[in-house]
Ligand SMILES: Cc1cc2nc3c(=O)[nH]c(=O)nc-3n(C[C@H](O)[C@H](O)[C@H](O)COP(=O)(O)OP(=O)(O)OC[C@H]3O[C@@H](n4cnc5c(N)ncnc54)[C@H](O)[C@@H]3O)c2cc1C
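In the block that follows, a single chain appears as structure tokens, in the form predicted alone.
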């Protein structure tokens, strides 16, 4: 008989795990409290590619710390007394910024991101029109701002990420409706994007169901090992499975704490707002205003403006200070009109101190698997993560060496299992 698997979480990571597993003959139930792809996986910039191989924890972080700590940088904002709340996480984060650790984590991110686009294409076969292959732009208002990207450009060059530097004329030719505030741009050509991340998740969930998987809308309340399997406590009862995959994004660590896992996964909050595009002034691809610290992406729902990271308590009220600070910059730079949303969207992404996801078997429970911690690149890495999980569970040779992403890497730092 086929082994039964409960996949907890119907974001892009959980859906991808479920689809890869059902295609390998597992009996799979996908569980979430909401419809597939309607939480963290919906609220992102929709970018897929290798441009994000640099971890957030990098050597340059040290010179930025005074601005971050004083909340004087739009890229990062701290809630009241927040670093003290997760001091161990931030100590480990800073340790990961050492050059040797940074270089290793770049290689490990690159190993996954190398397959990000091809794995999206494989799962979306027949629906490839959902992917736009126009690259994305990093825009610079000043020459010093462009000069500050030298490290990123050297990193991309070293790892074979294709990009092109544009001057004002080249940028105007590519994006004629941008305001005249940008002096330079970097066009990352091997990047794709989507106009509706939620639609991609729904399409994959529909494929999963059509290929024999079961989708159950229930809130997961508890998780417990049983003889030869796991028991998942739900709002409306319980589900027994031979194996369970935890893909609950920022909620994963809370659930696993009851089993004794103290994993350094925190919630990195972010905001977005849809703005109406001005008449006959389209935007062709996602754009990062590098010095403004925000992204504008053409989406089905409008031009989506996404902010940097906010570190706040999970239950803290919305404080869209970053959004308010970048809106004037976006209005002078992009063909945007009035807001289309009554309120900004607020979501959370699961961040680890080394910027690597947690993928693999649980250290102490052989029937339990982890697939979370992807921070801001979870949408890009969902399909490759799903493939890795399914290959490991099925006893196949994995596409990428999974060892660097194991939860075991946290044991010597007082976290782990």
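Positions refer to the first chain, counted from 1. Treat the numbers as computed from the prediction; the structure is a model and nothing was measured.
What comes next is about the form predicted together with the named molecule, which does not appear here.
In plain terms, the part of the chain that comes close to the named molecule in the predicted bound form, with a heavy atom within 4.5 Å, is 27 to 35 out of 27 to 35, 388 to 396, 55 to 63, 352 to 360. Checking 161, 220, 290, 283 for any heavy atom within 4.5 Å of the named molecule in the predicted bound form turns up a single hit: 220.
Though the partner is left out of this view, residue 213 does not reach within 4.5 Å of the named molecule in the predicted bound form, counting heavy atoms only. The named molecule in the predicted bound form is approached by residue 380, whose closest heavy atom lies within 4.5 angstroms of it. Heavy atoms of residue 12 reach within 4.5 Å of the named molecule in the predicted bound form, making it an interface residue. The named molecule in the predicted bound form comes within 4.5 Å of a heavy atom belonging to residue 375. If you take 250 to 287 and check each residue for a heavy atom within 4.5 Å of the named molecule in the predicted bound form, you get 250, 251, 270, 271, in sequence order.
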